[in-house]
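Below, in structure tokens: the form predicted alone, a single chain.
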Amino acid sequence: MNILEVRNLTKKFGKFTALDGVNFEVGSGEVFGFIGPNGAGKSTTIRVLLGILKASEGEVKIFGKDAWKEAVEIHKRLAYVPGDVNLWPNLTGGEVIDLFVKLQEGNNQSRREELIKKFDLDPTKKCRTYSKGNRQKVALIAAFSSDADLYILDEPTSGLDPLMEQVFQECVMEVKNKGKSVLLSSHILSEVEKLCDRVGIIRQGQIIETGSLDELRHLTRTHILVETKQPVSSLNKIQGIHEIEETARGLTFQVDTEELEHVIRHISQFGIIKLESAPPTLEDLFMRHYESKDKVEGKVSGGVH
């Protein structure tokens, strides 16, 4: 069953089209990674989901309800963490957490205490004294203290140190194991890779690829390091091989995953002494997808932010 359904979502600001026919869904108990560079349309999509912006066209349903018309009802079962948290300067962190949890109609005091300890937050300090990372912790503690059915997390770990990122990842897995759904918008690809069941890649307001990580692996290449008894010949003539380099450790190159068996068979005739292969990462997938699109459009890739 889908908790969230986005169908042909289009959002225009004057003549500028920020979102152009976006489609995706998030199933019950699923962590969906929503990835793309800055300016791709991630935050605009999330504002429409939250009922802050009205779609120009298309529909967004959360729990089967219209995201714009029934936003108040939806928010009773939804928790949201933005990438840049602004808090009331004169309230303490603990007071803000309590306020958010009450709005959620939840009151899990032991969960609140457990998370404050896990995230190493001093809840007695006024919010104006908090660093960006601590403000982020307040929002995360409030979100995970509530008994929401859908968690919308927009760059939730910005400002957190690696240890706290680990705590965040544990919290996501806990809510997933309880059958809750998570939409995680992030540009930290290792985070997405660890947590997400499926990902959607958004570029210039359009979803250009969606599916499980395994389904998207066809876009990636496996990295190979090989050392052989005799020099490997004719490697550059084999289909699906890229970026061949001679190094002190041996021969390195990349292989299109679907050609891997054919390539290994060719190399094995030269007497393999050592073979290391590294699986493709989401980062490879992401960069390759953008590069290939830019080449098609005749542009130079400017990298991912």
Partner chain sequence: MDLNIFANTGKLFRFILHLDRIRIPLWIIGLALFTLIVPPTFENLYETQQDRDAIIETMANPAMTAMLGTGDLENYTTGAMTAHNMLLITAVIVGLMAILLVTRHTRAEEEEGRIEMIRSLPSGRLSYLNATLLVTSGTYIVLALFISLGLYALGIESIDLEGSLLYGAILGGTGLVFAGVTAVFAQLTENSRGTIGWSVTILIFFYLLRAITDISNEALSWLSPLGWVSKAGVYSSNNWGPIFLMLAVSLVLFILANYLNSIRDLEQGFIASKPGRKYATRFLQSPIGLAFRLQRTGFIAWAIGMYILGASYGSIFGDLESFFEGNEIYQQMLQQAEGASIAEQFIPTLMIVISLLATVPPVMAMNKLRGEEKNGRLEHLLARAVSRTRLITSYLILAIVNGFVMISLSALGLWSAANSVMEEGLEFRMIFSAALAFFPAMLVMIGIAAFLNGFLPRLTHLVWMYFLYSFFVLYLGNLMQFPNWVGQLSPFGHVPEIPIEDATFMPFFLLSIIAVGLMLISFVGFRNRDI
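What you see is a predicted model, and the numbers here were worked out from it, not measured in a lab. Residue numbers count along the first chain shown, from 1.
Beyond the structure shown, there is the form predicted in complex with its partner chain, which is absent from this document and is the topic of what follows.
Enquirer: Which residue among Arg203, Arg198, Arg112, His187 has a heavy atom within 4.5 angstroms of its partner chain in the model of the complex?
Expert: Only one listed residue qualifies here, and that residue is Arg112.
Enquirer: Please identify the residue among Ile52, Leu275, Ile244, Ile238 with any heavy atom within 4.5 Å of its partner chain in the model of the complex.
Expert: For this set of options, the contacting one is Ile52.
Enquirer: Considering only heavy atoms, tell me if Leu153 and its partner chain come within 4.5 Å of each other in the model of the complex.
Expert: Judged by the heavy-atom cut-off of 4.5 Å, Leu153 is well away from its partner chain in the model of the complex.
Enquirer: With the partner left out here, check for me: in the model of the complex, does some heavy atom of Asp149 sit within 4.5 Å of its partner chain?
Expert: Heavy-atom contact with its partner chain at 4.5 Å: absent for Asp149.
Enquirer: Can you tell me if Met173 lies within 4.5 angstroms of its partner chain in the model of the complex, counting non-hydrogen atoms only?
Expert: No, Met173 stays farther than 4.5 Å from its partner chain in the model of the complex.
Enquirer: Evaluate Lys194 for contact with its partner chain in the model of the complex, applying a 4.5 angstroms cut-off between non-hydrogen atoms, and reply yes or no.
Expert: No, Lys194 stays farther than 4.5 Å from its partner chain in the model of the complex.
Enquirer: Given that the partner is absent here, state which listed stretch (205-213, 157-165, 221-229, 79-87) has heavy atoms within 4.5 Å of its partner chain in the model of the complex.
Expert: Answer to the contact question: 79-87.
Enquirer: Are all three residues Lys11, Glu95 and Leu99 in contact with its partner chain in the model of the complex, where contact means a non-hydrogen atom within 4.5 Å?
Expert: Yes, because Lys11, Glu95 and Leu99 each have a heavy atom that approaches its partner chain to within 4.5 Å in the model of the complex.
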